[in-house]
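Next up is one chain by itself, shown in structure tokens, the form predicted on its own.
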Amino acid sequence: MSIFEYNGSALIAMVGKNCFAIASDRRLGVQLQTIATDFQRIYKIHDKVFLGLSGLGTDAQTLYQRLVFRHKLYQLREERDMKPETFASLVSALLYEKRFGPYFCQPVIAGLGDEDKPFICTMDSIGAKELAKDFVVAGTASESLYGACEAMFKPDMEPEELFEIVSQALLSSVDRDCLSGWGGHVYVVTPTEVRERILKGRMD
């Protein structure tokens, strides 16, 4: 078993019309044994940038703490929040710094940039970015997430429809992966508000 699959995870980010959604499962396991059913994989950097970390849970928490530290230094120096593109470059640089002993994480970054244009990207454990215009996925359930998202995605969705599509894609995909699941955690971010919802899925 790969170290990336040790705790299990499922992450998805999808763009809509001037909005985006980012969702994850809630299971923390040690291989096939479930340890917690309320594990947080999505972190808020500021109101318009969110970070999802799949992979090894301990590395995800360490990486998040280092990124918050860097973002706070940026805020003090620049007196503004980071744009999502800038934040993606920061994450990439931080991961590449440790390329000979990497953090075992696959980040998903989602945010609203200039003129509220949604931005999403993912990268591997050494910071090689993969930009997308529709959706990005990560984690042990990524194969089934790709299939569900390819089938369900539509361009320019409104926030409510986007929530429905992301939720259905997540719940149907984690049912096909025994290392992730146990409900879901969805954020839908628009220029004016952040909506957070907890999904109830199959609890097995």
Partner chain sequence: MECVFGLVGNGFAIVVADTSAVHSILVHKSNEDKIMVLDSHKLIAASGEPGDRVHFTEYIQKNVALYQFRNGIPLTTAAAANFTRGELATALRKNPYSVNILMAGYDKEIGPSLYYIDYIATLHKVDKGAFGYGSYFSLSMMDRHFHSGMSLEEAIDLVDKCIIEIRSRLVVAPPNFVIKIVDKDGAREYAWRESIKDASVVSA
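Residue numbers count along the first chain shown, from 1. Just so it is clear, the structure is predicted and the values come from calculations on it, not from any experiment.
This next part talks about the form predicted together with its partner chain, which is not shown.
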Item to complete: Spell out, yes or no, whether the shortest heavy atom distance between D177 and its partner chain in the predicted bound form is within 4.5 Å.
Response: no
Worksheet item: According to a 4.5 angstroms non-hydrogen atom cut-off, is A151 in contact with its partner chain in the predicted bound form?
Response: no
Worksheet item: Might V68 be said to contact its partner chain in the predicted bound form, defining contact as any heavy atom within 4.5 Å?
Response: no
Worksheet item: Is there any non-hydrogen atom of E143 lying within 4.5 Å of its partner chain in the predicted bound form?
Response: no
Worksheet item: Each of S92, Y96 and C121 near its partner chain in the predicted bound form, meaning some heavy atom within 4.5 Å?
Response: no
Discussion item. At 4.5 Å between heavy atoms, only one of the stretches 166-174, 151-159, 131-139, 50-58 reaches its partner chain in the predicted bound form; which one is it?
Written reply: 50-58
Response to the item:
Those residues of 83-117 with a non-hydrogen atom no more than 4.5 Å from its partner chain in the predicted bound form are G101, P102, Y103, F104
